[in-house]
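One chain comes next, on its own, written out as structure tokens in the form predicted on its own.
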């Protein structure tokens, strides 16, 4: 068992995680190159990985014809098609950040390129590797709760996360990025598909941009929070980034040292200082998606911006028991129909890299195993991952057509 050679393409938040994993676990991965064109990130990469070649143009990397077992594509969603196909054409296998691409056509082109090049492409649907969801999958596969009939799941985005990422941030506008159902919830569509283990036949979806619009702007509010007299607004940027959990996101706009003075300086009149009611956002702030699967199984997923905390929960209705869980609690309850309830505590203590309740750590371990020829838990390839994206595209088509039924693949 030798370490696998890893290339990180895009040294942003996700790229940092994979590079950091290689540094902490050199027996599993050796970081052999970084591709990044942002000057600040290049400087950061040079400081952290002094002996690793860094390429500001991926064409220069391709000219070197470096040996690598996998390239982690961590660039912006809109660039995935160009970057993924270029790497596959050069003979590399991929760890591809989600979403696969921003639209159905580009997703299919990436899939076609993987077939043409015989490339293994693992999409970073990290939640399926989390101890929480992998435990649920094991419980289902063992038959403990019988046959799954229906799933209810919710993603509670968190009011401050919605304001940062989907009102002010990179995923605020579907034309510039992708619909909310894809940008935020393709993880959830993948989990539901993974747990039900049937093809989704049709989708109905309802949702809108109900609150984060000009109609809800406070009287007398300014274009930017730093100029606004409404200092008690829940979404005041200075309050969010200094006094709430939104402080974790300040790296999106702050250069240099992370302290309150510098945060305020960099924040002023940036996109992240924009009034949440006067931004150019158009993605929904709530959406309900109903899925009809083969053999009559069903699922319902709710995404809502309006929660104090960020969390996912799930209810599974099966023929022998009901399963209930909240991911962030790392606890699962099984309510057997003919017996005592069972509490299953989920252990994430081993995970010391990345986030998503241990998902990143366990995904990288599964990636190593599959590259080494082992059967690894959770690993599927682009053909299965594409299905969850098709559910998302169908949901957006349904939502924008008054909830009409959209059949997958038709």
Ligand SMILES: NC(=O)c1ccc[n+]([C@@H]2O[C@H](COP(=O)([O-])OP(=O)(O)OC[C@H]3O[C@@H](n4cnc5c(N)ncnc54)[C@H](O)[C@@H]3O)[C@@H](O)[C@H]2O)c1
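Numbering follows the first chain given and starts at 1. As the structure is a computational prediction, the values presented were derived from the model and not from experiment.
There is another form of the same protein, the form predicted in complex with the named molecule; it is not shown, and what comes next is about it.
Engineer: I need the one stretch from 119-127, 148-156, 202-210, 276-284 whose residues put non-hydrogen atoms within 4.5 angstroms of the named molecule in the model of the complex.
Structural biologist: It is 119-127 that comes within 4.5 Å of the partner.
Engineer: If the cut-off is 4.5 angstroms on heavy atoms, which of these, 171, 160, 111, 253, is the one near the named molecule in the model of the complex?
Structural biologist: In short, 171.
Engineer: Does at least one non-hydrogen atom of residue 74 fall within 4.5 angstroms of the named molecule in the model of the complex?
Structural biologist: It does: once the named molecule is placed as it appears in the model of the complex, residue 74 has a heavy atom within 4.5 Å of it.
Engineer: Is residue 399 one of the residues lying within 4.5 Å of the named molecule in the model of the complex, judged by heavy atom distances?
Structural biologist: Because no heavy atom of residue 399 falls inside 4.5 Å of the named molecule in the model of the complex, the answer is no.
Engineer: My question is simply whether residue 179 lines the interface with the named molecule in the model of the complex - judged by any non-hydrogen atom within 4.5 Å.
Structural biologist: No - in the model of the complex, heavy atoms of residue 179 and the named molecule never come within 4.5 Å of each other.
Engineer: Given that the partner is absent here, does residue 36 sit within 4.5 Å of the named molecule in the model of the complex, heavy atoms only?
Structural biologist: Answer yes; at least one heavy atom of residue 36 falls within 4.5 Å of the named molecule in the model of the complex.
Engineer: For the stretch 175-191, I need every residue with any heavy atom inside 4.5 Å of the named molecule in the model of the complex, listed N to C.
Structural biologist: Heavy-atom contacts to the named molecule in the model of the complex: only 187.
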